[in-house]
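Given next, in structure tokens, is a single chain: the form predicted on its own.
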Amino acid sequence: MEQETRELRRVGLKVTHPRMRILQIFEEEGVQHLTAEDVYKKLLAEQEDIGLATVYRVLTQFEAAGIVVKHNFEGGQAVYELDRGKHHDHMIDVDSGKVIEFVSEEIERLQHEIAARHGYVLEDHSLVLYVRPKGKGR
């Protein structure tokens, strides 16, 4: 609880019960991608009296403060994850919607090489691969 309090104060947000509980949910889940509805359902399961509108408002504040990153993957709802400051890419299982994080130094190197080959310096990127388990063709 002390860590969450410090984190909120560090980014200039007032420590409130809804902010504390939502931040705790993300920290409890570890590396997870949660929708606002996922967070809301977890709060309901814990008998917390925090509404869905409050969850959306807090997530928007967290995104603006750099606590969470919002992803809008194709064909799905926005998902949020804690911003741990480490770059990673994503794969989305098109059948289940499961989000898989991965890091590939080879892909990172190739992206820089491709940008340089075209006369550019890579500033930032977002890579999302839409995948299906092997053996489950269309």
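Note that the coordinates shown come from a computational prediction; the quantities given were computed from them, not determined experimentally. Here the rigid core means the biggest group of C-alpha atoms that line up within 1.5 Å when the two forms are laid on top of each other. Position 1 is the first residue in the sequence shown; the rest follow in order.
Another form exists, predicted together with another copy of the chain; not displayed. Remarks below refer to it.
Between the options T35, Q32, Q111, T60, the residue in contact with another copy of the chain in the predicted bound form by a heavy atom within 4.5 angstroms is Q111. The stretch among 36 to 44, 101 to 109, 77 to 85, 49 to 57 whose residues place heavy atoms within 4.5 Å of another copy of the chain in the predicted bound form is 101 to 109. Residue contact check for S126: one or more of its heavy atoms lie within 4.5 Å of another copy of the chain in the predicted bound form.
Contact check for M91: a non-hydrogen atom falls within 4.5 Å of another copy of the chain in the predicted bound form.
Contact annotation for R6: none of its heavy atoms lies within 4.5 Å of another copy of the chain in the predicted bound form.
Another copy of the chain in the predicted bound form is not approached by V11, whose heavy atoms all lie more than 4.5 angstroms from it. Counting a residue when any of its non-hydrogen atoms is within 4.5 Å of another copy of the chain in the predicted bound form, the hits in 110 to 125 run L110, Q111, I114, A115, A116, H118, G119, Y120, V121, L122, E123, D124, H125. In this overlay on the rigid core, R109 has a C-alpha that sits 2 Å or more away from its partner position between this form and the one not shown. The Cα shift for S126 between this form and the one not shown, taken after rigid core superposition, is 2 angstroms or larger.
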